[in-house]
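As structure tokens, one chain now follows by itself in the form predicted on its own.
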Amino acid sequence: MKKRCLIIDDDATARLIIKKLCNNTIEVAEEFSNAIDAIKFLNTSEEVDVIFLDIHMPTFSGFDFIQTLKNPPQIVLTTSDKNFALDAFEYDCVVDYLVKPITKERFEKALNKLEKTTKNTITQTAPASENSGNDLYVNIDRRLVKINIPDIYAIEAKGDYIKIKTETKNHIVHSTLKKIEEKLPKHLFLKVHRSYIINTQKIVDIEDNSVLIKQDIIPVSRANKSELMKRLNLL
């Protein structure tokens, strides 16, 4: 499947050039002339895999934009200024730094780097059912992040990604529900819908074909409701 990208640059010509360079290799989901509109898009739309991001933009720089992202995708910085390269690679999500004017050959090198760099992959040596520990490790922007399994209250499928929701933070990971389900203790977690796995101990309320966990109302399919009811300590 092709990667999906955003192009954020206040220069219309620069956006057009990057769009043409993407050609059929990478799908351009949307382009923006400012970071604020891009943030709104990311808050209301599906995830993207890559952002081609200008550094120098009015009122809100590329670095300001990166700092607003809780789970940034891969980012390729595009700029006329060579002086920020060291600053750029302080961010784990930055994969490459392209200096304008961008040539086709240099752009293709950036694409190769994107392919070699896996954004998010679940990493664990054994399924949780066979592992006495309570920890799940996920690879987020080339860093292994430890998640305490009992803190997970729900997992939602979002296209090619899953959102792992915990007591303190959400994590976007490139994986499937099936893959993470194999790594979770079966006495705690149950797949209640094709798009959701829940921690049954975190349920607050059940009404008809949905459960309330934290502030999330999660659908329960008919096929999975009977198994859910079996798990509950009913009076």
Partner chain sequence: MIQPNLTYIQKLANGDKDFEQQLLAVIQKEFPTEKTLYFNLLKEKKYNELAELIHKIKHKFTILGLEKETILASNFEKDIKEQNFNLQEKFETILNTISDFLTTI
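Fair warning: this is a prediction, and the values are worked out from it, not measured in the lab. Numbering follows the first chain given and starts at 1.
Omitted here: the form predicted in complex with its partner chain. The next part is about that form.
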Q) Looking in the model of the complex, is its partner chain within 4.5 Å of a heavy atom from each of Asp10, Leu16 and Ser80? A) yes
Determine whether any heavy atom of Ala157 comes within 4.5 Å of a heavy atom of its partner chain in the model of the complex, and answer yes or no.
no
Whether Lys20 contacts its partner chain in the model of the complex should be assessed with a 4.5 Å heavy atom distance threshold; does it? yes
### Query
Is the gap between Asp135 and its partner chain in the model of the complex 4.5 Å or less for some heavy atom pair?
no
Could you confirm whether Ile102 comes within 4.5 Å of its partner chain in the model of the complex, counting heavy atoms only?
yes
TL;DR on 51-59, 206-214, 189-197, 164-172: the one with heavy atoms within 4.5 Å of its partner chain in the model of the complex is 51-59
